[in-house]
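The form predicted on its own is given below as one chain in structure tokens.
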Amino acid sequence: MELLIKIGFVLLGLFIILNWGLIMAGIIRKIIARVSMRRGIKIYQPYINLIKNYSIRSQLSHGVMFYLGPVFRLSGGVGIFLFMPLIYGSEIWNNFSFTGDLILIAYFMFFGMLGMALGAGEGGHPYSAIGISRGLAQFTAIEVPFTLALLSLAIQYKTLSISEIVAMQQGGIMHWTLFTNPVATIAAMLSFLGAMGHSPFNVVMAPQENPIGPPTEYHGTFLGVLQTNRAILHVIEAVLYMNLFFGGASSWLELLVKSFFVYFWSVFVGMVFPRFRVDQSIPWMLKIPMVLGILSIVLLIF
């Protein structure tokens, strides 16, 4: 009975995160449109898109793995959510987090990308291999400074439990990792830019240049699955960074506000800077962010 109640609250939390992701997507696109002197979409347009895509059946067939790609992608986002503590001090909203869950979540972050690579590899587009190589190469470069930042936190807090890291940041804003380990925070937030896929790190999609990628390769229900994952993944990754560097959240309101501003950081940079070429984005991640990640570890050791 207790397990069923736990599962019920987990599903409720997933429902809240999904809806907040869809609403936030509409708000962000509205802000981007206003900055570009355009009217923009309705805030509820992501809901319309999702309903429309789930109501369309696909008539094409590229093989089983092609259609498992979106499923693996969604599994990565949901997997991160399942083991992510949401509200500090709440057993109900702690999900299935456990000691060392930070390592598992780091694996889930790469799982979805690998699933999409397998799916794209079985697609019918001749440039799928280019998208796979771009995506995996850039994401690997993004993971380097992020992993170094995680190692720095493990050394600082002597734990790999997200709940324990959040607990050690309680007691005021000056206890946040942002202030106790600013170098690791900067390295992680720079890697966050690439993880979100906004400009200048949207070399895989390149929407103004390449009419390819998941939005055109996948359609109907499969595109709806990808849109569902996008709504969940962007929020839950923002929650991860909120927990690690910005003190976590003690209520749903605090979680929604903090996750919005963490996510908006990548949107703001995307509106200011033009897109990198793939030969620019990967070396950039392996320079400043990686050096900062290494420096954050050195400062703690010595």
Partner chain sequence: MVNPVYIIAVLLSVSFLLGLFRKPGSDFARLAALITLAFPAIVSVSWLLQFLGEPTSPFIIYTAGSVPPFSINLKMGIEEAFLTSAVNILGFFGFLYLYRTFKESGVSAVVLFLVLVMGLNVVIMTRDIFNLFVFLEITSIALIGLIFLKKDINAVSAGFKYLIAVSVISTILLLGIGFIYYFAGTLNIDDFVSKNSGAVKGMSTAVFLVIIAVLLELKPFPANGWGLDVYQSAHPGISAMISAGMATASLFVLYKILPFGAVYWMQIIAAVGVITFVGSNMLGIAQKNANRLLGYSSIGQIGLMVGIIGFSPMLGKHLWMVFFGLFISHFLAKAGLFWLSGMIGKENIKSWSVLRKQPLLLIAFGVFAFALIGFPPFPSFFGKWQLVMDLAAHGQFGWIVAILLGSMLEGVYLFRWLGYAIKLDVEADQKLDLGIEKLIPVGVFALMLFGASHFAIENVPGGLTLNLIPVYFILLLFVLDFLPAKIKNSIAILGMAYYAWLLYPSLQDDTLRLVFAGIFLVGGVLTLFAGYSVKGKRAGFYPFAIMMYAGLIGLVEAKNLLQFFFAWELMTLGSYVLIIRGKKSLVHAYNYMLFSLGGAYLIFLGMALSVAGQHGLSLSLLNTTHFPGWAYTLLAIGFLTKTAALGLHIWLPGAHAEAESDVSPMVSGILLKGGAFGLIVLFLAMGAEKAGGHPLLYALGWLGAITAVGGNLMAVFQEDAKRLLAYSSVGNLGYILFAFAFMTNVGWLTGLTYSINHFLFKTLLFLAIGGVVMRVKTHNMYEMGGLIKRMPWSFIAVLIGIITLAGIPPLSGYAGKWLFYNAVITKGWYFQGAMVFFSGTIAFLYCFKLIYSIFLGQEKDKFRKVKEVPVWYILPQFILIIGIMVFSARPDLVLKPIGALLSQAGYFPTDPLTWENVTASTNLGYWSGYKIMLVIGVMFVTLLTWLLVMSRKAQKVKQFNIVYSGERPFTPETTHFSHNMFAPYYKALGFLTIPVVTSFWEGVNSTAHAFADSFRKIYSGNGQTYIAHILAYIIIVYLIIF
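These numbers come from a predicted model, not from an experiment. The term rigid core refers to the most C-alpha atoms you can superpose between the two forms while keeping them within 1.5 Å. Positions refer to the first chain, counted from 1.
The same protein has a further form, the form predicted together with its partner chain, not shown here; the description that follows concerns it.
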Look up in the predicted bound form whether residue 129 has a non-hydrogen atom within 4.5 angstroms of its partner chain, and give yes or no.
yes
So in the predicted bound form, does residue 180 come within 4.5 Å of its partner chain, heavy atom to heavy atom?
no
4.5 Å heavy atom contact, residue 136 and its partner chain in the predicted bound form:
yes
Its partner chain contact in the predicted bound form: residue 197, any heavy atom under 4.5 Å
no
Select, from the options 257-265, 273-281, 38-46, 234-242, the stretch whose residues sit within 4.5 angstroms of its partner chain in the predicted bound form by heavy atom distance.
273-281
Could you work out which of 97, 185, 227, 169 is the residue within 4.5 angstroms of its partner chain in the predicted bound form, going by heavy atoms?
97
Selected contact from 93, 108, 176, 192, since only one has a non-hydrogen atom within 4.5 angstroms of its partner chain in the predicted bound form:
108
Using a 4.5 Å cut-off on any heavy atom, which residues of 148-165 would contact its partner chain in the predicted bound form?
148, 151, 154, 155, 158, 159, 160, 161
Is it true that residue 98 shifts between the shown form and the other one by 2 Å or more at the Cα, once the core is aligned?
yes
Per the comparison in the predicted bound form, the residue 78 and residue 99 C-alpha atoms (change 3 Å or more) are positioned closer
Thinking of the 3 angstroms or more shift, are the C-alphas of residue 6 and residue 100 brought closer or pushed farther apart in the predicted bound form than in this view?
closer
